[in-house]
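Take a look at this single chain, the form predicted on its own, given in C-alpha cells.
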Amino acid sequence: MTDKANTTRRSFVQNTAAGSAALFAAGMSTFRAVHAQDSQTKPMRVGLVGCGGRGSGAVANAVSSTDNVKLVAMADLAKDRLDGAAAGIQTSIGAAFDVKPDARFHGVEAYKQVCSHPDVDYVIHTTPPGLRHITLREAVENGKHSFVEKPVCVDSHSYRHVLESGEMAKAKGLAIVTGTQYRRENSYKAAIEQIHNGLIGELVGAYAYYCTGSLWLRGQQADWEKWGGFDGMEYQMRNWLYFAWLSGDHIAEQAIHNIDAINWGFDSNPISAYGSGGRISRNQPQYGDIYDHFSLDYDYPGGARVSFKCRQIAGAAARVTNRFIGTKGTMDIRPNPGRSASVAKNHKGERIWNHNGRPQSGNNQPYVEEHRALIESIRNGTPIMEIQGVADSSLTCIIGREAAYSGQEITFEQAQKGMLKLSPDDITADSYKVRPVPVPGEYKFS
C-alpha cells in the first residue's frame, strides 16, 4: 500500500472519528434539549390525603400552578367527605380530575393506599396536623414527594419524627414543600428582605397578633351521637380543630403563620416562651380541650423579646399583624395572602419604606407558588427540602401552648428533647377519652 493510500486512510479515519464525535455531540445536545423540554412537561400526578377544604384548595392550586398536573388518587377517613370532595374537585379542575373509582380510598388506613399508589408522584398532606407526621413518613417510605400543610407537628414526638422523615427524604432525593405561604408572597418577602438588610437596624423586639372570630363546628346533636359522642374518635376527627392532639390548638393550627414570620424575620428560633391563656367563650364539651386565647412572651437570642397574642372569640376585634422593632425604626406587616402591605418608619415616625400590597393575582398567588416551586424542583431534579424551618416554627407554637397550659416557662431545647406525645397509642380505637382542659399549675409539661 502506498504512502498516499495510507495517508488517505488515516485522513478518512480521522475525519470519520471527528464527524462521528460531532454527530454524537450534536445528538447529545439534541437529547439534552429534548430531555430538558420533556422534564418541564412531564406529567405530575398528585395524590390527596385529607379531603377537607384545604385539601380541595391545595389540589386546585397544584393544577393551576403549571401544565400537565392531574389528581389521580384520594383518601379520607370518612366516605361522605371523600365523595363530597371528589364531586367538588372534579367541578373545580375539570379534565385534570383523573381519579378512577378504584383510586378513592376511605378508612383509618386509607392514606397508605394513596402513599403507595403506583400512579402518584407527590402527595398532598392535608389531614389534621396531628396525623401529618404519620402520612409524611408513609409517603417518604414509598418514594413519594410531598406537599405538607402547616403545622407539621403538635408535640415533641412528632417534631422529631418529621425531622427524621426529612432526612430519609433527602437520602432518597425526594422533595418536601410546606404550606407557609407568606414565604412565597412577594410583598412579605420584600419586607423581610429589608429587615435582613438592616433597614430598621438590629432587631430588639416585635409584636405579633393572630386574633380572629370563632371557627366552624361540624354536625348537630344527632350527628354527635352517631359519631360516638365527644369521646368518639369519629367526632374528634370530624371536629379535629378542638382537640390538641389533632390540631396542636389554634396557636399551632392557625397562628403559626405569624409565628413563622417572626422566626423568619429574626432568622432564629426563640430561646423560651412564658405566658398564659384559657377558654372563656368555648366552654361546652363539643369544643374539646383547647384554649380560645393565648398571651405570650417569646425570648430570642440577643435579648430580643416578642409579645404574641392570638384568640378565636366571636365578636371580639380582629387583628392579624406583625410589628418588628429595630434600633433604627419599625416595620409593620399586615398579612393578607397575595396582597400583604408593609410600612417601615424611623423612630421619629417618618416613613422610610413601604410596600402597598400589590396583589399576586391568578396563578401567581402564594398558595399556587408553593406547588409551582415543588413541581419545578421535581422536574428539574433539584428537590426542595423545607421541613426543618416549618418544624421549628411548629415547635415555637408548641412551647407557647405548653407555657400557657402549664403556667411555666418552657424552653425550645426542652421541647426538642421532651417526651411530650399527645396522640393516643391506638388512633383506630372506637373511643378515646378526651383529656381535661389543661389547668396552669396542675398541668405538667413532660
Ligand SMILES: NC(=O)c1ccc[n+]([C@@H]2O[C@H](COP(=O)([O-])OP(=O)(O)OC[C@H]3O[C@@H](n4cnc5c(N)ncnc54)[C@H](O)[C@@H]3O)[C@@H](O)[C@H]2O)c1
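Not measured: the values here are computed from a predicted model. Rigid core: the largest C-alpha set superposing within 1.5 Å between the two forms. From 1 onward, residues are counted along the sequence shown.
Beyond the structure shown, there is the form predicted in complex with the ligand, which is absent from this document and is the topic of what follows.
Trainee: Within 4.5 Å of the ligand in the model of the complex, counting heavy atoms only, one of 89 to 97, 261 to 269, 149 to 157, 295 to 303 shows up; tell me which.
Mentor: In short, 149 to 157.
Trainee: Just one of 209, 230, 274, 367 has a heavy atom within 4.5 angstroms of the ligand in the model of the complex, so which one?
Mentor: If I apply the 4.5 Å criterion carefully, the residue I get is 367.
Trainee: Which residue, 128, 288, 335, 326, has a heavy atom that falls within 4.5 Å of the ligand in the model of the complex?
Mentor: Here the answer is residue option 128.
Trainee: Check residue 43 for me: does it contact the ligand in the model of the complex (non-hydrogen atoms, 4.5 angstroms)?
Mentor: No - in the model of the complex, heavy atoms of residue 43 and the ligand never come within 4.5 Å of each other.
Trainee: So, in the model of the complex, is residue 179 in contact with the ligand at a 4.5 angstroms heavy atom limit?
Mentor: Output for residue 179 is yes: heavy atoms within 4.5 Å of the ligand.
Trainee: Even though the partner isn't displayed, in the model of the complex is residue 169 close enough to the ligand, meaning a heavy atom within 4.5 Å?
Mentor: Heavy-atom contact with the ligand at 4.5 Å: absent for residue 169.
Trainee: Is residue 50 close enough to touch the ligand in the model of the complex, meaning at least one heavy atom pair within 4.5 Å?
Mentor: Contact check for residue 50: yes, within 4.5 Å of the ligand in the model of the complex.
Trainee: The ligand in the model of the complex: within 4.5 Å of a heavy atom of each of 121, 137 and 385?
Mentor: Not a single listed residue reaches the ligand in the model of the complex, so no.
Trainee: Going by the ligand in the model of the complex, which residues of 221 to 243 come within 4.5 Å of it through any heavy atom?
Mentor: If the 4.5 Å heavy-atom criterion is applied to the ligand in the model of the complex, 221 to 243 yields 237, 240.
Trainee: Aligned on the rigid core, do the two forms place the Cα of residue 422 2 Å or more apart, comparing between the shown form and the other one?
Mentor: False for residue 422: its C-alpha shift is below 2 Å.
Trainee: Please say whether the CA atoms of residue 153 and residue 424 come closer or move farther apart in the model of the complex, knowing the change relative to this form is 3 Å or more.
Mentor: Residue 153 and residue 424 sit closer together in the model of the complex.
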